[in-house]
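Just so you know, structure 1 and structure 2 below are the same protein chain in two forms, each on its own as structure tokens.
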Structure 1
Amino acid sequence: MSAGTPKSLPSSGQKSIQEVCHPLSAEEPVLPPSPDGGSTTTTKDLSLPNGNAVDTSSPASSSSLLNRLQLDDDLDGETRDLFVTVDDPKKHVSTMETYITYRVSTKTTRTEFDLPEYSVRRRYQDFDWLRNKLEDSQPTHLIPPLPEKFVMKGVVDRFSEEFVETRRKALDKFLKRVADHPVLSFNEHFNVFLSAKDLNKRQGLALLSKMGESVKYVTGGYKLRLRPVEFAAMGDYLDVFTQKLGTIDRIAQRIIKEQSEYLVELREYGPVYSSWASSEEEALQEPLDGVAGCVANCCSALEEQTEDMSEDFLPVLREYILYIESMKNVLKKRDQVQAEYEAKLEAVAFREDKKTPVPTDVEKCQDRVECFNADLKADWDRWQNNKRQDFRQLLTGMADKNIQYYEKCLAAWESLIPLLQDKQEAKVETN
């Protein structure tokens, strides 16, 4: 798939960023999705996510070739020049509120940035701001999702290590996806987000107006004649996919509930063996206590597994459901742009003089449509790729957690057997 840094169209509205061809970028930059948000570690030196030193020389150099090959297998010939990491969560307590900030570290060779390195602190609000700005300023693109904004107080501890870590991973993934996007990564708001010491939102607003003609899309009022097949297919796919994700979410929740209820009973079950042991003599007392111990071990293993499901599995699912919602909105916007163009074209077709050239605003509409379609197609392919990786990771993770749970239980029960059988054999001998 090609990301398609679009070749500048004759009279396209948006041009400034795209037309700058970065010295380090290859002809057709294909940016691989960031494989795993959680496994990156901050390094002091300029280095790639996999720990190798970044090579900032020309793409043709052998070391950069090696670097490319060592990265994700989706990498298709491009040297990254922008690396972003989210880590080091810290709690801030003030009289008004308590919140968490994360360190956002950037390393880059891009000339859009004044410095090669940045380290700033951001809170969730800031990420949310960034995403909104990206959506507004890049309406033809699919913007990666953020972890859920609202969490029910009392149900989830917003300051627990597990919750914060889950969020951090998701925020890291978000920034990495933006950084890897050939268009979004050059967005001015993204730059500000990464570099400004204090993120003044007004600064962002000023930037917006500086950008000149901001592209506004008319919503509503135009009826689409025929949606192109590929976009119709996208819409259909998203509808079914979102439905399936919803079902999976419900199933996962149900499993968590059933497991919790199972855990409640197990917690009562183990102690009965202990209580029995207390009325027996040594011969039976030890085996009974042993069983009680095993059941207790299984309880903690189950508790861990259930927590993991709640903290790692469900949030990612929900993230995708939100993501799909925003994608459907982008598709709707595309439809609107096309509808507007078609309407204007039709209006023009009815004018009397067919010899006069097509008015510029109709041309502009056409450009918009073509631009939008191109952006969307490229982003769609990227999104499909990301989705495949994300779900592969999510589901293998779920399988792993279950395997670990059973392995813990197995270890507990297996350690009991020799204890019991030794005594049994010893007894037979003494008889």
Structure 2
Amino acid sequence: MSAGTPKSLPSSGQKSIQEVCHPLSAEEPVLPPSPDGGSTTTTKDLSLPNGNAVDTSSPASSSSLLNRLQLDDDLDGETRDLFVTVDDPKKHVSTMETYITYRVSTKTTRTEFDLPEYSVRRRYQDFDWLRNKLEDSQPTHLIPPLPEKFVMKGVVDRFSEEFVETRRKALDKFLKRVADHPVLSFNEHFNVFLSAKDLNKRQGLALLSKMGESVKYVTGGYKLRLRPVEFAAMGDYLDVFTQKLGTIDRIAQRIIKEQSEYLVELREYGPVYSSWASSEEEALQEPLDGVAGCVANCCSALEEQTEDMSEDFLPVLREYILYIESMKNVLKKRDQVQAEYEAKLEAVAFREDKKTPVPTDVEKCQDRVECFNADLKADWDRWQNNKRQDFRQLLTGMADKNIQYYEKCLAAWESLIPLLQDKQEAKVETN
């Protein structure tokens, strides 16, 4: 593996990146489209992390608008226009630090990108930067979680092949979830992450959209009277789901620990029969060697099952535990916006002059609530659909792995039976 700072890959530069107008993205109310099909939008000055200016007017492509309005789960390969993969982890050693980078490859037909293909290298903190930017600029949407950054030193080697591969899979899933989202995938920061030669994160940290600020600066001074029934049901479900996943995770870890200890015992158990066989006559020697071979085969099968549980089963549980926290945060933001709206509406109701129209800021706040509700419901449905698919696949894989494990053990012990029977028959003939 190469040492030193990784070599920067060439970049094609950035085109203008366009985003969909959103009720939280500007203080002005959203205007309906004109009869000729055009739309009226507001613009703002932005600079990307690489320093280039960005045009944030309405998208010229109708696909982004359709994706914004149609929050269904149409993930067929034929309808996708953005494919992202994370692979090829590499270790870099410098005088200051040691870290891992991953290759992020992109293929797309979207006009927002300058080229149809990109290949850049990113490290974990770059993924973390992207997620923070998505949270700031898309506060009404559920942002997929990243794998946990910190690990216990001395317990997990963060540069081991197993750990790096587990993290690579998690980062790959994170980007795929963002790329499949009809709104997040058109985010300007996601475009920069996939295509920019270098991420100037210091400059990028200053890029907070008005949409993000409008929610970020809602203080805790407003208290929500009552969460709507449908969102209260979401919160109750998340609490129960958290408890169930936490229990399964703890028991699964305990099973893995016990299997690992059992594996150590099996590895000591088998050779005892081999040692015993060396001091016996042929009539007993072969059966004893056969038992040692059966135990060795069972060891290999158990080792595979334990690895599958550690590398495939546990990561999915932990991803959804983190997913739940992300969903709870979005629910809290929605509650804050609704509480602000209720407080302003109550202030209007108690004013002396009843004839004056409702202030514009109250109507804007109502738009924010409605936008939050619509986006949260759509992302909830999408999350539930992904969850069903992920856990069906996970449980199917778990069933297959257990069947394979027991079949291997059964085949190993069944192979011993003919050997024992042959020896018994030979002894009878001799007598």
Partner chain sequence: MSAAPQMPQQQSLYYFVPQMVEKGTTLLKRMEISVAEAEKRTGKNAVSMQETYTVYLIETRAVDAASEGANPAPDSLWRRYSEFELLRNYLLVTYPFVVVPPLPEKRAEFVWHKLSADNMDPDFVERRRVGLENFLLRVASHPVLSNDNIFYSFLTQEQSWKEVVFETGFQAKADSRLKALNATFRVKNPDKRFAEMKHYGDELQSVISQLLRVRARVADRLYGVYKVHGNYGRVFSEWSAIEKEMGDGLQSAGHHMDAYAASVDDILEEEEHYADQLKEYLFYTEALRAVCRKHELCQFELEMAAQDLTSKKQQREELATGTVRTFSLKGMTSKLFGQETPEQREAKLKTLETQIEDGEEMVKEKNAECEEFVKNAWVDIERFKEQKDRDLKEALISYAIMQISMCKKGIQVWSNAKECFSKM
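For clarity, every value in this text was computed on a predicted model and none was experimentally measured. Throughout, rigid core stands for the largest set of C-alpha atoms superposing within 1.5 Å between the two forms. Please note that residue numbering is based on structure 1, beginning with 1 at the start of its sequence.
Each structure shows the same chain on its own, and structure 2 is the form predicted alone. Once both forms are overlaid on the rigid core, the distance between the two CA positions of T98 between structures 1 and 2 is 2 angstroms or more. Comparison between structures 1 and 2 places the CA of A411 3.1 angstrom away from its other position, after core fitting.
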